[in-house]
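Here you get one chain, nothing else, as structure tokens; it is the form predicted alone.
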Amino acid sequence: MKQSTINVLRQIRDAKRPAVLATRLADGRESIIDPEQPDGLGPAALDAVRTDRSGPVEIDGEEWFLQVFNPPLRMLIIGGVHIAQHLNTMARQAGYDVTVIDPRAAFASTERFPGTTLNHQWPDAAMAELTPDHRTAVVALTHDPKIDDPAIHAALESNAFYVGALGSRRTHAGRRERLQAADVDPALLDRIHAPIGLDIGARSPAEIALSIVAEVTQVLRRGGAR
């Protein structure tokens, strides 16, 4: 790989944007592809980015190798509650860079979340600073509308690939009413995964965390909204 190619890929990485390095196998010609641009490699590059999978493809009779350079996966956990402790561990093991957001320092403490990035701002300020992108999952767990609602509102207006919130169907119905009253586009509300997590009959905090990681993975790899 040429030094100039490496420098461009570093710039793209620093901007937290996806890119695909396409190498023509016949002669080694390299090209950096923006997967959202409609050129000859666009659809194949976009599919590679979505599946996070590098590999050979045939385009117009030519063999290419597409190497995916995606931004890091991130998970923003709203609320340093008990479930969040288990979720933090599981998400990090699954490859996510986790940030726990909670203005209550007693909940989001280094003792409860060792080695994890903590943010003690109110969620609206934290989300504006962290700018969730298409590689970010946002999980609201506090059950406190003062904390969860601003985070969900910001997440729905971002490119976050997953937005989930803890609570029953009745709790979520009230949440939808509050968010609509706060001028959230009703069409965006369908992006919220609530009750959060895959329905595996989870009861304990660890099981609920497992169901959340499973659902986030499903949405990441297969797409789709609730």
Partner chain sequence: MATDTSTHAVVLAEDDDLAILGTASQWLESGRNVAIARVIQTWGSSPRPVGSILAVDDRMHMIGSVSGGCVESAVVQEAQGVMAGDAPRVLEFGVTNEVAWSVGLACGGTIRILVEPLTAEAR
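Positions refer to the first chain, counted from 1. Values in this document were obtained by computation on a predicted structure and should not be read as measured data.
Same protein, other form: the form predicted together with its partner chain, not shown, and the subject of what follows.
Colleague: Counting only non-hydrogen atoms, which stretch in 156 to 164, 47 to 55, 180 to 188, 193 to 201 is within 4.5 Å of its partner chain in the predicted bound form?
Modeller: Stretch with heavy atoms near the partner: 47 to 55.
Colleague: Residue-level question: is L25 within 4.5 Å of its partner chain in the predicted bound form, judged on heavy atoms?
Modeller: Residue-level check for L25: yes, a contact with its partner chain.
Colleague: Taking heavy atoms and a 4.5 Å cut-off, does E62 contact its partner chain in the predicted bound form?
Modeller: Because no heavy atom of E62 falls inside 4.5 Å of its partner chain in the predicted bound form, the answer is no.
Colleague: Is there a non-hydrogen atom of K16 within 4.5 angstroms of a non-hydrogen atom of its partner chain in the predicted bound form?
Modeller: Result no; K16 lies far from its partner chain in the predicted bound form.
Colleague: Does any part of L210 reach within 4.5 Å of its partner chain in the predicted bound form? Heavy atoms only, please.
Modeller: Contact with its partner chain, no.
Colleague: Counting heavy atoms only and using a 4.5 Å cut-off, do H86, M90 and D97 all touch its partner chain in the predicted bound form?
Modeller: Looking in the predicted bound form, the three residues H86, M90 and D97 all stay beyond 4.5 Å of its partner chain (heavy atoms).
Colleague: Mind listing which residues of 67 to 91 have a heavy atom within 4.5 Å of its partner chain in the predicted bound form?
Modeller: Contacts from 67 to 91: Q67, F69.
Colleague: At a change of 3 Å or more, would you call the C-alpha separation of G95 and N7 in the predicted bound form closer or farther than in the form supplied?
Modeller: Closer in the predicted bound form, by 3 Å or more.
Colleague: At a change of 3 Å or more, would you call the C-alpha separation of G95 and Q11 in the predicted bound form closer or farther than in the form supplied?
Modeller: Relative to this form, closer in the predicted bound form.
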